[in-house]
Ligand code: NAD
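One chain comes next, on its own, written as C-alpha cells: the form predicted on its own.
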C-alpha cells in the first residue's frame, strides 16, 4: 500500500436499528401488499442500515392512479403559484431542520463521507426555495397584432403526471433537482429512488405531508427497476419521465416511453475532461483536479476523470496531483474529516478494478493506487485513490465512465489537439479549461461539446443555472428556469373578439 491518509476512527455513533423505509402513496405510508422487503447493507460498515418495502406492479399502479386522480381534479395544478410556493418553502424549512438525520442515513447507505452528505442534504433546501420562487413566475405571451378582431394568447400549463427515477450516488440532491421544479409547475409525481439508497427519498413523505401538500400529489414507490421503473416509463397515465442514471438504462427508458410518445428528460453519464494550459494557475488547477476526481468517491456523473494537460507542464503537474492525492483523507465515511469513502457495491468495486487492470495490460502505468483497500476497523469495500498515466485515447479507461476514484492523464500540444481530444467521446456532460488567457477560455468554451463548461474552476453550481448534457449524456435540462420549463406544456389560445367571423357556408334562399 502506498502512502495514503487513511482514517479509521469515526465521529458519529451508528443508529441503534435499521431505518424502515415504506412507500408513500396518496398521503400515507404503506407496506407492500405482499410484505416483501429489501435490506441495504452499508458499503462502509457492512451492517444492515435500512429495510425498505419492495414494490410490485400493485403498488406502482396504485401510486400512478393516485397521482393521475390528483392531477385531473386540480387539487394542486389549479392552485395559484403563490399557494404552491408557500408549501414548497415549508418543505425547504423541514429539510434544513432534518438535514443531519438525512445525512447520516445517506452516508450509511451510499458510503459517501458525512461532510459531503451534509452539504448535499442541507444544501438541497436551496433548490426547493428556488423552485418555490419559480412557481410564481409562470406566464405565457399575448399577441395583439393578429388583426383588430383577434387576440392570441400562449399559455403554459403543467405537463401532467411525471415519473421521477433517481440514482444512488446523490439520492437526495438529484431528487431535489427534479421534484420541487415539477411541483412548482403544478405537476403531480410518482418517485422511485434507487433500491440501494431509498431512505432519504422515503423520509421526504413526512415533510411533504407536514408542509400541507395535498394527498396524492407526490407518491413514492420503493423497489427495483423491474417492475417499478419499467412501469413508470411505460404506463399510459404517465405524461413525462425524468430519469438520472446510466446511459444504457436511459436508452431503454426512451424506447419504452416511445410507445406512448411520453416526454423524456434524461441526465446520463459523462467522461468529463479538464484541460490544463501552460499559463494556468497550477496550484488551483491541481487542487480542482484532485477534488473533481475524488469527490463522492468518484461516483459522480460530473467527475473530472479525464485530464488533458499540455506536454510542457505535464510532468510537474502530475507530480503535484500525486502529492495532493496522497494527502486526501480516505476511509471511514462517519469521520468528519474523511474526503473519500466507500464504493457502493462489491460488484462496482470489481468493475473499477477491471478498468485499471485492462489498461495496464495495454501499456498504461499506475502512478498511484490501483487496488482495492481495506480500512482498519471499518471494512473492505474501498478503492485507493488512483492515477493512471501512459494512456492512449482509444483505451476503454479513457473513453468509458469508470465511476470511481480513478484519474487518467492525456497530453496535448495545441488548442486544436486539446479540443479534438475533448470532443472525441460519445459523452457531452461537462468540461473544464484552465488558462490565464481569456481568449483561450472563450474559444474552448464555444467549441467544447458539453452542456456545462467551467473555466478556471470545477463543479461550481447554482440553482439558477441549467444542468444537462449533450450527445449520450442526456437530453433536456434540470434546475434553473430552463429545467422548470421542462415540466410545462405550451398551449395556444386564439380568441375572436365580437361576432366578426365570416361564414364559410353561405346561406341560400329557397
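For clarity, every value in this text was computed on a predicted model and none was experimentally measured. Numbering follows the first chain given and starts at 1.
The following text describes the form predicted in complex with the ligand, which does not appear among the structures shown.
Go through 484, 458, 467, 444 and name the one with a heavy atom inside 4.5 Å of the ligand in the predicted complex. Looking at 484, 458, 467, 444 one by one, just 467 meets the 4.5 Å heavy-atom criterion.
The unique member of 404, 245, 292, 205 whose heavy atoms fall within 4.5 Å of the ligand in the predicted complex: Partner contact (heavy atom, 4.5 Å) among the options: 245.
Determine which one of 160 to 168, 409 to 417, 72 to 80, 323 to 331 lies within 4.5 Å of the ligand in the predicted complex, judging by heavy atom distances; exactly one does. The contacting stretch here is 160 to 168.
Kindly indicate whether 174, 233 and 301 are, all three, within 4.5 angstroms of the ligand in the predicted complex, using heavy atoms. The answer is yes; 174, 233 and 301 each reach the ligand.
Looking in the predicted complex, any heavy atom of residue 106 within 4.5 Å of the ligand? Close contact is absent here: in the predicted complex, residue 106 is far from the ligand, nothing within 4.5 Å, heavy atoms only.
I'd like to know whether residue 262 contacts the ligand in the predicted complex, with contact meaning heavy atoms within 4.5 angstroms. Taking the distances in the predicted complex, the answer for residue 262 is no, it never comes within 4.5 Å of the ligand.
Against the ligand in the predicted complex, would residue 370 count as a contact residue? Criterion: heavy atoms within 4.5 Å. Residue 370 lies outside the contact set for the ligand.
Heavy atom of residue 192 within 4.5 Å of the ligand in the predicted complex: Residue 192: yes, in contact with the ligand in the predicted complex.
Using a 4.5 Å cut-off on heavy atoms, which residues of 91 to 112 contact the ligand in the predicted complex? Contacts from 91 to 112: none.
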